[in-house]
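Single chain ahead, written as structure tokens, the form predicted alone.
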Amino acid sequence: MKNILIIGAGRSSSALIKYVLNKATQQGWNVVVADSNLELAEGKVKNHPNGRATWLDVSKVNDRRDLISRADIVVSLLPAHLHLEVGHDCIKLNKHLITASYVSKEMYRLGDEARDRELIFMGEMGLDPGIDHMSAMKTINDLKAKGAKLQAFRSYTGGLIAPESDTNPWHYKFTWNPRNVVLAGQGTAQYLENGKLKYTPYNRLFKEARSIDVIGMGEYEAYANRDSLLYKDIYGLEGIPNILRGTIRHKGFCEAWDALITIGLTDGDFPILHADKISYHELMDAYSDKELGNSVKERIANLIGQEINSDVIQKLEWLGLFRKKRIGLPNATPALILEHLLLNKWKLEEGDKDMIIMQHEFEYELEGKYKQLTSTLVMKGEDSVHTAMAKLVGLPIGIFVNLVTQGRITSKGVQIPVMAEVYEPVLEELKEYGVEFIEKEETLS
């Protein structure tokens, strides 16, 4: 297996492409990077002797299948909803497939066909999901081997901005797909607390963010991910009374984001008529009731239950929501208008460094004592291109590609990386790139 196809050359691809091209030199691989932006793909390949950039409109079925037919392993970095089409092609053409996205129910339905054809379809092989699964499973299995009984598992991850590049009142900049950030949390979060099912709908999710203490970094806040219960059985935690997966943000972010939800700006279901002709100020006016105050800012403050000089209102004002600047997007949804605004305000500048924080908390009983093990990863990026996000999404995929080419992966069908044959070598090699967790253990009672 020497022909590697990477579809997508966007934000998270740089570390993966660099890793695979380095291995290509050593092992004689041929690497093709395909993207609808040929210049972007060429910039990632950089005329490498074992690499080739090519243009691909993924919606053009024949072009897509032609590229896939010439590969042994396909890596899809496309938006999650496009993986399924690639998956069907890989089944038909007998190609292994690796993605970093959550595995959909539709993708899982390809499992039997993939297994029958001896194909490896590995999903959730990035950061979150990915490194979170692998690091959690390693610790869970280590604790079980000691005879520990798990009572609680909480896992939090955040793509943040490094303190030295933190230059705005939201303490946040985009290191990931902006659309996913704007729509994050929609639906109902599900988790277990003290043996009881807990449900938090979207309109309460950011109000109910919890504080967490990150080892060596201080206090942050986290909101619950959509469905923590999915991984209870997958992680072998069938009887555990507490399980929660969440997303980390700086303190104050969740309260301000909740304000955007309350106003209605994260709604992606309907178009704002004449959005190209009205200003942000007029949009806020349309969302507020004149009985709530004299100025638009005052009415919005009362709508969201804030003082007019509060930190939340200052964050909204910094975004430009009260400016008389034309939006300029015809018939755009509120969510698209917000995304367009944030793309400029939360843009990574050239010298900016991002920061990833991942923290697991394991509470367990062992030899009559109740203990907590906290496992923490903190990593900063190098600049706005070589980000920690790209590194921690791309490197696990690259390492896994290498394992597949060596015949070291026996698990066929649609999988996620929770088996030892995957997480042990991947986590071990990640240490060479500075990806290592710091552990703190304490006795609770």
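We call the rigid core whatever largest set of C-alpha positions still superposes within 1.5 Å between the two forms. Computed from a predicted structure; not experimentally measured. Residue indices: 1-based, along the sequence shown.
Note that the form predicted in complex with another copy of the chain isn't included here; everything after this is about it.
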Contact label in the model of the complex: residue 145 to another copy of the chain, heavy atom within 4.5 Å: no
Contact of residue 366 with another copy of the chain in the model of the complex (heavy atom, 4.5 Å): no
Partner contact for residue 216 in the model of the complex: another copy of the chain, 4.5 angstroms, heavy atom: no
In the model of the complex, residue 274 touching another copy of the chain (heavy atom, 4.5 Å): yes
Which of 339 to 347, 289 to 297, 111 to 119, 77 to 85 sits within 4.5 Å of another copy of the chain in the model of the complex, heavy atom basis: 289 to 297
Single option in 326, 149, 198, 171 placed near another copy of the chain in the model of the complex, where near means a heavy atom within 4.5 Å: 198
372, 186, 177, 104 - the one with a heavy atom within 4.5 Å of another copy of the chain in the model of the complex: 186
Contacts with another copy of the chain in the model of the complex, stretch 255 to 282 (heavy atom within 4.5 Å): 261, 262, 263, 264, 267, 270, 271, 272, 273, 274, 278
Yes/no, residue 296 Cα shift of 2 Å or more between the shown form and the other one with rigid core fixed: yes
Large Cα move at residue 329 between the shown form and the other one, threshold 2 Å, rigid core: yes
